[in-house]
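Given next, in structure tokens, is a single chain: the form predicted on its own.
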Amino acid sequence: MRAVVTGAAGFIGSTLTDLLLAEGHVVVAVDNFDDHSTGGGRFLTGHLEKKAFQLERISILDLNALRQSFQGAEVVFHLAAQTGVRKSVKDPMRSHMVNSTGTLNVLLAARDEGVRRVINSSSSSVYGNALRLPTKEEDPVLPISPYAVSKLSAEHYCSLFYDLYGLESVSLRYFTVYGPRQRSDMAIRIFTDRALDGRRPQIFGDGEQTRDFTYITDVVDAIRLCADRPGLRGEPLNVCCGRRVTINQVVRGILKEVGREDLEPEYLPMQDGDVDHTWGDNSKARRLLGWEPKVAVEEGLHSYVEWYRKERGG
């Protein structure tokens, strides 16, 4: 399979690229490296000399460049995005341009170059403060941040391109992905950093908000399965562990792993755009993909803290 991975230098994209290359596929890695989330491209450096790997410095806002990079591709794994709910509150236009217009460009390029399928990365944030938990794909979507609106817009474009042009697609609604290589502005990374430095973890709100934390390898397994499974017709799929835990529980778990259970969290005001609870029903992904999450949050936190200690050098 010849595959394109947009956002290939980032947290999820680089982990997916590793898997695809290990399976023997040809990967065209697309990234513009304009954000701290790419790690400066260092997660891809081990592949630069491989014949099956091609790196393109491209913005998904450049339609003509995308068309060229998509030539001969069978599948596009679309992970490039302007991430972050709080960043989108400060700069809604940036989220719209990258996540909505950028995804439209990806779909246009895929259609024009004869790509068979686009796997789009969406977010549980489209549900907003969900009316029902655990949330199913057919439940109302009530986004409360520009980021969530931009992701929902991208989903609609994917569905429309299937209906209008027959371009196969699926939009994966990720629920709080964490693990090695995650961005420096993500909560688990920040909590771990502060604990390792002997500083009190800072929690927005009372910490009783809940999240459905989903480990990176489980997410990448679901993404990879989407390339081959029949019957994906532009619909959304929840990619989640199917279990919710409080932020307080996660912080306590990290403090235990670090050996700093003496540190008391500091509680700060809630941030605009943050939802109270996320908890997904993953039965549709189990049925359509034959997928199931394998890593519980306790195991995931242990693996992440071990990795991050080495990453920091002690």
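Just so it is clear, the model here is predicted, and its values are computed rather than measured. Sequential numbering from 1, following the sequence displayed.
A second form of this protein, the form predicted in complex with a small molecule, is not displayed here; the remarks below concern that form.
Enquirer: Out of Ile144, Leu232, Met186, Leu104, which one falls within 4.5 Å of the small molecule in the predicted bound form, going by heavy atoms?
Expert: It is Met186.
Enquirer: Sort through Thr176, Ser171, Ser88, Thr192 and report the residue having a heavy atom within 4.5 Å of the small molecule in the predicted bound form.
Expert: Contact residue from the list: Thr176.
Enquirer: Work out which of the listed stretches, 240 to 248, 154 to 162, 119 to 127, 194 to 202, brings a heavy atom within 4.5 angstroms of the small molecule in the predicted bound form.
Expert: Result for this chain: 119 to 127.
Enquirer: Is Phe33 close enough to the small molecule in the predicted bound form to count, meaning some heavy atom within 4.5 Å?
Expert: Within the cut-off, so yes.
Enquirer: Using a 4.5 angstroms cut-off on non-hydrogen atoms, would Val220 count as touching the small molecule in the predicted bound form?
Expert: No.
Enquirer: Find out whether any non-hydrogen atom of Phe11 is located within 4.5 angstroms of the small molecule in the predicted bound form, and reply yes or no.
Expert: Yes, contact at 4.5 Å.
Enquirer: Considering non-hydrogen atoms and a 4.5 Å limit, does the small molecule approach Leu79 in the predicted bound form?
Expert: Yes, Leu79 sits close enough to the small molecule in the predicted bound form that at least one of its heavy atoms falls within 4.5 Å.
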